[in-house]
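Heads up, the chain below is alone and in the form predicted alone; it's given as structure tokens.
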Amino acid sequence: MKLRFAPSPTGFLHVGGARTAIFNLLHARRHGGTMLLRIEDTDVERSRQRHAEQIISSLQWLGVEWDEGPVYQSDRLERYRERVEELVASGKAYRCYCTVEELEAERAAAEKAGKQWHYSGRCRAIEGDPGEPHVIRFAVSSGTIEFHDLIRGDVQFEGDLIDDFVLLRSDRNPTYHLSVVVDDIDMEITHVARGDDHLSNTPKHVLLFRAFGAAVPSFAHLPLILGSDKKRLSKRTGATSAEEYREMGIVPDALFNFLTLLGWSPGENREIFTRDDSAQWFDLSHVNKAPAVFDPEKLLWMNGQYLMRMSAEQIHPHLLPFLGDGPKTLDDLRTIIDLHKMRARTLREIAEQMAIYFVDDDAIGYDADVVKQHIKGDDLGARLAALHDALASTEPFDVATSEAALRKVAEEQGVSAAKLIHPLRLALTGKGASPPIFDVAVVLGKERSLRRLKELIERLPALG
């Protein structure tokens, strides 16, 4: 068994393409087969090398591991020209000398008559000069074209409704139909899993496989991915490329897991599973026919689940691109990562939460709503001064001793511990929510915690 993922380098890797790559990989792994990466870059007008490199980079980041390739179609142009001439020689394809103007005139006439335009095939009987500008068309025969789809079941198309489609353009470059089929034959592809939008191309490809005397591969047309508005996923309903989710702070394992569930389920309400698990369970024939809905909130939830389960060592390399000018070594960040990974849904959120540890102690901005809610009372300054002194004399300065010191001050002051915890959190983080504040204090260290608390005390008159 051999499958292939064959993107066109006309932009970044779309999440639909990423899912197609994953489904090809998982089916190959499940059945002990191999997967080929092929870059379909024969569209000279739209293909870009930088996009090919970006697609490869995104696949590597996502963890899609191919066994062969990448193969570039632009390196195989002579092979396509050679094979199309075989079809001409056998009478299965012909040279068409119709000009663009002539074809447009035919189309306009058909529209004026209220008919759907269909190429007449008039060049089938013309013996023109091969040196004159021309395209090469496939001679489509009438009759039913049938094939079995692993997802849709038996599919039929009528040959009478299919034009004599172009195989080689006038600039001697192949069309998608020719290059894809020649490659699938030469590269011994046994299964073709691609998006539903290719379904109308498949009868043409079946005809070409048969014309070349090659076995027709098994097809699986994957359902579309819809946005939250139940329309085709677009920028309007969310990010559409794998790269955008990478920049958002999604970890690759979470995106891989999430995309695997778009149109397929392992059963038993499983939602979080490893790549190895999915490779044991997945089969293209189990993919749903109905379109899948891309739910960004579900992806954020799943990413948060992955972050909670990952160690600081696993998170650290993915987190590095989001860190600013602060410390970047694992030894410096291990404790902070472990403290915040439970409270974030993305790597970007972790980085934003971590920033508070690396700002100057006198440069913390205080959340206005938290100030309004918790910074009040004429005696607050005296209470915080007492807390400052208690923490200053605390040894060792750890979670248990610092919490005990605060609770003792609260008891002595005749107030609840919360009356001191909220102002302390504001002093240390500038926010109203954080990991347990005594853990934060220990990470900051005794001296910095005391400096931040003193800074709040000094700014109380202005805040009140």
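Just count from 1 along the sequence shown to find any residue number. Being a predicted model, the structure only gives us computed values, none of them experimental.
Separately, the form predicted together with the RNA exists; it is not shown, and the next lines address it.
With the RNA left out of view, the stretch that reaches within 4.5 Å of it through heavy atoms in the predicted bound form is, among 155-163, 181-189, 121-129, 383-391, 155-163. Residue in contact with the RNA in the predicted bound form (any heavy atom within 4.5 Å), chosen from Q314, S74, N201, S141: N201. Contact with the RNA in the predicted bound form, judged by any heavy atom within 4.5 Å, is made by just one of K112, K231, K372, K328: K231. Contact between H318 and the RNA in the predicted bound form is not found at the 4.5 Å heavy atom cutoff. Interface membership of P217, defined by any non-hydrogen atom within 4.5 Å of the RNA in the predicted bound form, is ruled out.
Proximity of R137 to the RNA in the predicted bound form falls within the 4.5 Å heavy atom cutoff. Taking non-hydrogen atoms only, L262 approaches the RNA to within 4.5 angstroms in the predicted bound form. Taking the RNA as it sits in the predicted bound form, the stretch 437-453 comes within 4.5 angstroms of it through a non-hydrogen atom at I437, F438.
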